[in-house]
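Let's start with one chain on its own, the form predicted on its own, as structure tokens.
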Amino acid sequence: MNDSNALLTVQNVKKYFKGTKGCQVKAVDDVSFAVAKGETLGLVGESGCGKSTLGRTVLNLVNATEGGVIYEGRDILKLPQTEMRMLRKKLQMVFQNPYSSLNPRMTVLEAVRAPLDIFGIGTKEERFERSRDILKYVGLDEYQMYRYPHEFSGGQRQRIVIARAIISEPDFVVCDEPVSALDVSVRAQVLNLMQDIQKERGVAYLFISHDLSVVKHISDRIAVMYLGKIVEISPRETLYDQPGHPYTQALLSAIPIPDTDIVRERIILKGDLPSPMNPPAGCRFHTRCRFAVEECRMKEPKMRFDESGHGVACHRWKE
């Protein structure tokens, strides 16, 4: 997409952690992308590839090693803490585990109202009415406001977490595996709720998941992450119909097909995921790639885009 139309732009972000014996864990390594207003960008990859770290770094919840995140013309990674604190009402997060992201000592009303209290939005009566309305909007009744998190199911807790995230009317929400802890029957309800919120309020999502079927349902564009780097980014249909990176092809081949008459080649990746403390030289995927050549081992591929906005970081793309 054109960065001039972006709501939020991530520019060459890196996040390195200190490892043992002076080594660095390169959890996020030179990642760039943009998200438009009202868009959902899906972010997929194996466990441990850096997806959650990237989401937290984008929101400045952990300090970036390098790079910038531009929102409303400002690099939020360089803002003073006082300015960043006031900006958080526009940049929110839905965490993976609804069981641990709610304070067990706070009622649902107190938890959902907390952003309004922190940012000083409205009077006491207005905060109550707004909290009641947002809980009703996500499917909870008024009498449930005075209950505690342990009295709710996992799906209800995630609805409460979503209500807390959107009550301050944010522009951008990072959703870190928001349905992975839920039963399959409840996932569709929560995903549909998120899409309804997006349509009515114009909020943009960075939707992090390892489930490609879920990402396909909710995303407009999808970015594929491997060992701290984005290896492919594309409009949803293009990625699923014409995956360009061998890693993406392997991920898509693992999606179960309910129709037993359809036979699809299953691509089995050889070897284990390399350590982010000592990533391979050249293309980081070459140690597991069936198409790797000498160039892949020696030179790191740059992201190349075609006219449709489909970008792939692979030396052999379109060969």
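Small disclaimer: the values here were computed from a predicted structure and weren't measured. Residues carry their position along the shown sequence, with the first being 1.
The same protein also exists as the form predicted in complex with adenosine-5'-diphosphate; that form is not shown, yet it is the one meant from here on.
Taken together, the three residues 38, 42 and 221 lack any non-hydrogen atom within 4.5 angstroms of adenosine-5'-diphosphate in the predicted complex. In summary, the region of this chain contacting adenosine-5'-diphosphate in the predicted complex, judged by heavy atoms within 4.5 Å and restricted to 281-289, 49-57, 246-254, 65-73, corresponds to 49-57. adenosine-5'-diphosphate in the predicted complex is not approached by residue 31, whose heavy atoms all lie more than 4.5 angstroms from it. Interface residue remark: residue 17 is counted as part of the site for adenosine-5'-diphosphate in the predicted complex, having a heavy atom within 4.5 Å.
Residue 25 belongs to the set of residues with a heavy atom inside 4.5 Å of adenosine-5'-diphosphate in the predicted complex. Within 4.5 angstroms of adenosine-5'-diphosphate in the predicted complex, the stretch 60-88 places no non-hydrogen atom at all.
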